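Just one chain is shown here, as structure tokens, and it is the form predicted on its own.
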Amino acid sequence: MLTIANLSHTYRTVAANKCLSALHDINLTIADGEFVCILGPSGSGKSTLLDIIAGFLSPSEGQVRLDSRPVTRPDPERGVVFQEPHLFPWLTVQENVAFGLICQGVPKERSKRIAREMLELVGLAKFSHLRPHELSGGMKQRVAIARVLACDPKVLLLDEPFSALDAITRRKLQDELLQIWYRQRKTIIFVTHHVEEAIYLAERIIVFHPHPGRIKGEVTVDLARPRLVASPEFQAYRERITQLMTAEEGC
């Protein structure tokens, strides 16, 4: 269980000597094994919230708790996949995936075995000897996902990981992420500004409103999988969520 209580965050801009409110009074509970999308436009504090859940950033007010324990710093139990894969160019694919394990003191042979298992999971086992510059963008992002999964986190945090990919590769990786979720049932928090992506992936969508970032509403997606984007039911969700995102405050 991940609990976010009365959470707000303010940045101080040094140049202008002003305070910028990025998040205001966020209250949210995410169940173990749930797939949740945080959906909102740029400037709605989605990435800031993910940084706080990851432990990279301390909130100005409020608290995040995982299994009743306060989140105060980064920890392998909360794995993060960023928009850019950030692989080490001098390491092979397998060495990149094993890197976090080795840093945690896991023996080298066990790290190799786990890395191979994770590469098998994301469909890259036969590319384990390559280096990042030899991979496509989608393959690099799969390596980044495998690297996080190798550390066996309780919560998987993804910050718009497919936004730089073409539509076909994006859909393929969305399906692969869903397969990983079906198999491992990890808690997933996925940040996106793409309405269709949120409906396709999530069990529940949390809609954020900007300036400052705050929860405007939430939608439970009750659609059978695999979800058909062209179906009337899918399009009805798209219309409902788009209206929620664009509705004026107070209306």
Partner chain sequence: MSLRLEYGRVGNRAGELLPYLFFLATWHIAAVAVQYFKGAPFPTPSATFSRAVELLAGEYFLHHSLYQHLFASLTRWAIGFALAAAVGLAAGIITTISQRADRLIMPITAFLQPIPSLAWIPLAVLLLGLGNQSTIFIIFLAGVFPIMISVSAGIHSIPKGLIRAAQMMGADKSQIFFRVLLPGALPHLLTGLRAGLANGWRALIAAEMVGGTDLGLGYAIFQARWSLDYSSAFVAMILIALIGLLIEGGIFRKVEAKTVKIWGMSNQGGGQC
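Keep in mind it's a predicted model, so treat the numbers as computed, not measured. Residue numbers count along the first chain shown, from 1.
The next section is about a form of this same protein that is not shown, the form predicted together with its partner chain.
Participant: Give me the residue from 71, 139, 148, 119 that has a heavy atom within 4.5 Å of its partner chain in the predicted bound form.
Facilitator: None of the others qualify; the residue that does is 148.
Participant: Among 124, 114, 87, 177, which has any heavy atom within 4.5 Å of its partner chain in the predicted bound form?
Facilitator: Flagged contact: 87.
Participant: Among the candidate stretches 178-186, 217-225, 50-58, 22-30, which one is within 4.5 Å of its partner chain in the predicted bound form when only heavy atoms are counted?
Facilitator: That would be stretch 50-58.
Participant: Look up in the predicted bound form whether residue 133 has a non-hydrogen atom within 4.5 angstroms of its partner chain, and give yes or no.
Facilitator: The answer is yes: residue 133 has a heavy atom within 4.5 Å of its partner chain.
Participant: Any of the heavy atoms of residue 161 lying within 4.5 Å of its partner chain in the predicted bound form?
Facilitator: No, residue 161 sits far enough from its partner chain in the predicted bound form that none of its heavy atoms falls within 4.5 Å.
Participant: I'd like to know if residue 102 sits close to its partner chain in the predicted bound form, meaning any non-hydrogen atom pair within 4.5 angstroms.
Facilitator: Yes.
Participant: With heavy atoms only and a cut-off of 4.5 Å, decide whether residue 75 touches its partner chain in the predicted bound form.
Facilitator: The answer is yes: residue 75 has a heavy atom within 4.5 Å of its partner chain.
Participant: What residues, if any, in 215-243 have a non-hydrogen atom within 4.5 angstroms of its partner chain in the predicted bound form?
Facilitator: Going through 215-243 in order - heavy atoms within 4.5 Å of its partner chain in the predicted bound form - there are no hits.
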